[in-house]
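Let's start with one chain on its own, the form predicted on its own, as structure tokens.
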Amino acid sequence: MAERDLLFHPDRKEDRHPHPLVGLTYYGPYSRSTVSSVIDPIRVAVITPFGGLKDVDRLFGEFSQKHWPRERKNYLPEFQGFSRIFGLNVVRAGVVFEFPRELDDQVAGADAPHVLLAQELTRALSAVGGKRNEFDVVAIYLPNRWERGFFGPEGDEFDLHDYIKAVAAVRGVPTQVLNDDSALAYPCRCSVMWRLGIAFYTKAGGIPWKLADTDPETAYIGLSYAMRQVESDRRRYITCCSQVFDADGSGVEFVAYDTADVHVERDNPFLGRADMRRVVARSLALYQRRHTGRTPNKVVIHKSTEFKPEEVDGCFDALRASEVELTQVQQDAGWRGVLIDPPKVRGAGKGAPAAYPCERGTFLPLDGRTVLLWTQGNAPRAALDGKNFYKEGKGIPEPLQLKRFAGHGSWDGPCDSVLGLSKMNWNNDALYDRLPVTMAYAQVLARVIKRMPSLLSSTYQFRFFM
């Protein structure tokens, strides 16, 4: 399969490029020309440790400068400044919450530093949230000296990053966590500016790019589950999350609710027919709300585990008016593939392993229902020198295994869709993720949703969880 093009303008179909950063440099972000474009400037409130505001201000000062890559030089283009690329500015808002100096010693000496930090950050988010109309995104600086509170002790699954996202999502506040290692002190400032630039633009409501050449009558749904436990109740609840995407990979929203009609096999929950019908029907309603009541001609559902017969029946119950395709996307297929170059001299015997892995987009059907698809691999169309680019740099790429439980036809369409959706993670600057966004976001949501004390009946925008 060829590397998919991305689109950077809603009307000008020629504003396309396979490389997301080159496309942004040439054409600017997709939503710059739409009615619902991001308001200039993007205002960023700050939560910082004592004395950290000067470091955050220095970071924001870098957005107006040019930066040249010190890594990934065959992929990373020059960062020409935030306003030059995105067509607007990003500034620190006047809303600042600075923790007292004493918190450093308290974190260093606390028996449960993760609990202390969680409480303090919840308090800070509440204080900042009271001025919600004065900012668009909150940047939260977590310095290395607080590192012992980033995770819970052994046996405790607590993750401070996920906790922050859960608390902020309930308040409707998009957040960006800033660390020393990955942001403030990272040596390649070009990488930092690209990553944070795309993140702030997306979290403020912007759309950096969409997939080109899509069928507008197709919708994608990613299903995931989370085991959630309410503190006052020792019982565990199975929460089902459904993320809904347009054919071009945008329109990311999701619904989540607790369910009882479920059985668990090897820690994997499976829904009964009635609950699967409910979750898919709610997902369809979410799509229709965004498309003036229109029902898509085709609905593709991805999940990481197999579809049980009752789940298949539930999907068809909810999607009577649409073509249905149900695909299991499995990461651990156990297969590898090595590209062999032909012998340099005809008739000289066997070839030799190539210098680069097989190309991304290679697929190999195993039988009528199963196919291997390489979403990792060499991507020459994205190489700045036009030759070779392997994002992972080393190692043998492992393919995804796609197994179809409903649907028909060749594998070209399903493989092309997964390949395209692997380029739709707006939370980094990479060419692709190994998983399509339907499944990659599912993993994030399942992690974060476990931290949420309660679920809202309304839908969530994914930018609150990025």
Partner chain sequence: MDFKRRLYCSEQGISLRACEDLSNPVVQGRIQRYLDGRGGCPAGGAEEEYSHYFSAVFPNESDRRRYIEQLISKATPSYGFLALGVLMKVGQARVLWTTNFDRNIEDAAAGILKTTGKLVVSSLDAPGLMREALQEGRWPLLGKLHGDFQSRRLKNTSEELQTQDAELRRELVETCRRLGLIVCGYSGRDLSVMAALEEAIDGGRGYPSGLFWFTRNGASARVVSFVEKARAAGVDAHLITVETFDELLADIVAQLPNVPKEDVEFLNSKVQRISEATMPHGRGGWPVVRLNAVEVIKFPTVCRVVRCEIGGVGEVYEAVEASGANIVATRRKAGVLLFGSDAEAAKAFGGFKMDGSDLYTIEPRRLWYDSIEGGLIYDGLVQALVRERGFVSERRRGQRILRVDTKEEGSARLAPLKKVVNVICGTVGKTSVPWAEAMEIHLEYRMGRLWLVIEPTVWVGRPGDGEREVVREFQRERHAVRYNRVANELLAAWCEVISAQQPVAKLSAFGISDGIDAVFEIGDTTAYSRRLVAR
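Just so it is clear, the structure is predicted and the values come from calculations on it, not from any experiment. Numbering follows the first chain given and starts at 1.
There is another form of the same protein, the form predicted in complex with its partner chain; it is not shown, and what comes next is about it.
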Candidate stretches 317-325, 142-150, 76-84, 97-105 - the one whose heavy atoms come within 4.5 Å of its partner chain in the model of the complex = 317-325
Would Gly413 sit within 4.5 Å of its partner chain in the model of the complex, counting heavy atoms only?
-> no
Looking at the partner-bound form in the model of the complex, is Gly130 within 4.5 Å of its partner chain by any heavy atom?
-> no
Exercise: Ala110 in contact with its partner chain in the model of the complex, heavy atom 4.5 Å = no
Glu217: touches its partner chain in the model of the complex, heavy atom cutoff 4.5 angstroms = yes
Report the residue, out of Leu211, Ala226, Ala166, Cys358, that has at least one non-hydrogen atom within 4.5 angstroms of its partner chain in the model of the complex.
-> Cys358
Considering Asp313, Asp261, Asp258, Glu134, which brings a non-hydrogen atom within 4.5 Å of its partner chain in the model of the complex?
-> Asp313
